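Just one chain is shown here, as structure tokens, and it is the form predicted on its own.
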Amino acid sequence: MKRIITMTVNNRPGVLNRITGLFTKRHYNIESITVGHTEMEGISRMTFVVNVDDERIAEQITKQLNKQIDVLKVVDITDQAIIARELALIKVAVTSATRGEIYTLIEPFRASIVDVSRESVVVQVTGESEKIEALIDLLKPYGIKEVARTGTTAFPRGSQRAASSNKLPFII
């Protein structure tokens, strides 16, 4: 079962190495990792997508990650209402005859062409992993030359306060 685990960490050398080492020692496969700065200076957010056999193992991973130096917070957000996105760049072989077809094909995916050459175009698409997989499958017959994907990044959806509150709700 696929799990999405997010954590906030101090942005220091060696933190990512220690965390991935924990996964390696316990033979957990990391499907994707994204890391980036947060709104707070010196703090980074990491998003791991891991495949585990059951929820007990996912809970064990979370507990072990919480014990790591420089880890501030760990949350398995898989079962929450979340926003999850991935970015992919897909280089597709084209001819003058197929170029127009590619433009038409990518439009429903809200993808865009970010580079054009005589023999290829680079398509940029963002969205959930399933959307990206669907576009890649549709582009395969044209000849995919190269694919680069960021991996999933995610966090829980914002929530509104009760309507009886005198304060305005904060919506992201």
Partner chain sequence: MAANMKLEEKVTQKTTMSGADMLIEALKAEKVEVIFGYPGGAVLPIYDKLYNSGVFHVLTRHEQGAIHAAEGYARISGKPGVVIATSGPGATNIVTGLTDAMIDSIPLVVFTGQVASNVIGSDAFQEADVVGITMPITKHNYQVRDIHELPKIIKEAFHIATTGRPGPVLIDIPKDMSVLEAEFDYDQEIKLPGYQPTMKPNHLQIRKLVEAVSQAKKPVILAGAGVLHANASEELRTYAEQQNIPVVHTLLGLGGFPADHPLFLGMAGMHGTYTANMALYECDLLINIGARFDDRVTGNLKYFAPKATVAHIDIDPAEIGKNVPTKIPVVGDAKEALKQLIHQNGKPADTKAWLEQLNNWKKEYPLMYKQEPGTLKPQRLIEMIYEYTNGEAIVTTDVGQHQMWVAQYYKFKYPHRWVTSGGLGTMGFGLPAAIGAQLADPKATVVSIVGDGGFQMTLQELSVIQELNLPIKIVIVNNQSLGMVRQWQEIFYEKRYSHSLIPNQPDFVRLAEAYGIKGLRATNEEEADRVLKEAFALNAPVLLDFHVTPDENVYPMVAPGKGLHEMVGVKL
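Positions refer to the first chain, counted from 1. These numbers were taken from a predicted model, which means no experiment stands behind them.
The following text describes the form predicted together with its partner chain, which does not appear among the structures shown.
Here the chain stands by itself, but in the predicted complex one stretch of 64-72, 127-135, 102-110, 29-37, 64-72, has heavy atoms within 4.5 Å of its partner chain. Residue contact check for Pro13: one or more of its heavy atoms lie within 4.5 Å of its partner chain in the predicted complex. Not displayed here, its partner chain is approached by Asn17 to within 4.5 Å at the level of heavy atoms in the predicted complex. Proximity of Lys140 to its partner chain in the predicted complex falls outside the 4.5 Å heavy atom cutoff.
In the predicted complex, its partner chain sits within 4.5 Å of a heavy atom belonging to Lys25.
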